[in-house]
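For reference, the chain that follows is the form predicted on its own, supplied as structure tokens.
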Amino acid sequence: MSALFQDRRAVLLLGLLAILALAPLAAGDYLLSILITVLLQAYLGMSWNVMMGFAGQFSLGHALYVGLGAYAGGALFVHYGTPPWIGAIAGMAVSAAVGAVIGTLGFRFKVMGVYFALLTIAFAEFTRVLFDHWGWVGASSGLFLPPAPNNSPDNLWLLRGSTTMFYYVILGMTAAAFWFSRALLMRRIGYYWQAIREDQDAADALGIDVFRNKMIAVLISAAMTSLGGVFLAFFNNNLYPESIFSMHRSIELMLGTIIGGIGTLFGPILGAVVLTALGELLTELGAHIGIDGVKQIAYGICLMLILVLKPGGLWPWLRKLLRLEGDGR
């Protein structure tokens, strides 16, 4: 029976991947931009999910790592012409180092739950203020990346090219993040994280190194999120501290995972689809009726409904509906 569930899951995954891979053949630039937003949201949600969903460490400041990756990749490219993939390594290293500082302060002093979340917010806000006054990265005026010349061929190494090129890049990143998340869950560390998430004291009593394993979750999550920041910088071509490090970005980053299902593999993907579709619809509706804030109000209502009606998220319910109960994720 379990083999049947595995086969059905593989068919669904391959079918979804095939549809996404062929999407540029039928979609224009606008629709591809929407799909890029969905995939980026899913990727960032998976990155946050490693720390919160798998290991149970609540972060409200993940925009910090998005911003560090974006500025590291963008600033090195603007000032020195460094390829973004090299800049991404620097950004991931910086983000992991900052994550290590936050984790060490929080876990050594037993700062947990909402207090740990407040610690992550404090670091994100401090970094926002710092970058807002740092001239080398443009300060509050912003950092602007030179766009690719018109009609120039796609350059994957420099991430300068068409919407289609960016689409395939983020599709590859999201697929890799899904595979990597699944691999983590299937290994010993994945079981350690779940034990810590469910009962940290019991995990410690069983001999699990709680501090070390929580730190690994923070480092992996920070580095993955940072890579998403690099992509965001080169796709948008501009960076402002007020937006890249904003609390709104942190909330939007994790909202898809909460709606889709925290701790699941498909949850961040499903939540990204729902949120992006809802966001586009409500943006158009708000512009049509001339009322600001419709999108934010609807997000709040949607979150409340999910927490009340489907506290585990939409994916566990959909998984049951599709008769995939044999697959725990």
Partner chain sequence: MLDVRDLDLFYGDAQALDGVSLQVAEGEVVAIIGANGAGKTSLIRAIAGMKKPARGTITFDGHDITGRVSSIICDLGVAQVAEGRQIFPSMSVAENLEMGAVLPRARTKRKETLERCYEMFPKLKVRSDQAAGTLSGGEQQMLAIGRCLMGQPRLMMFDEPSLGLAPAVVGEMFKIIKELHAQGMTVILVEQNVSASLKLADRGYVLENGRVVLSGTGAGLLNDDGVRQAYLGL
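Since the model is a prediction, treat every value here as computed from it, not as a measurement. Positions refer to the first chain, counted from 1.
As for the form predicted together with the partner chain, it is not shown, yet the points below apply to it.
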Review point. Can you pick the one in 104, 140, 155, 194 that has a heavy atom within 4.5 Å of the partner chain in the predicted complex?
Key: 194
Practice item. Check each of 208, 219, 184, 148 and return the one that places a heavy atom within 4.5 angstroms of the partner chain in the predicted complex. Key: 208
Review point. Is residue 203 one of the residues lying within 4.5 Å of the partner chain in the predicted complex, judged by heavy atom distances?
Key: yes
Review point. Would residue 199 count as a contact of the partner chain in the predicted complex, using a 4.5 angstroms cut-off between non-hydrogen atoms?
Key: yes
Check your understanding: Applying a 4.5 Å heavy atom distance criterion, does residue 133 contact the partner chain in the predicted complex?
Key -> no
Review point. Based on heavy atom distances of at most 4.5 Å to the partner chain in the predicted complex, which listed stretch, 123 to 131, 184 to 192, 224 to 232, 72 to 80, is the contact stretch?
Key: 184 to 192
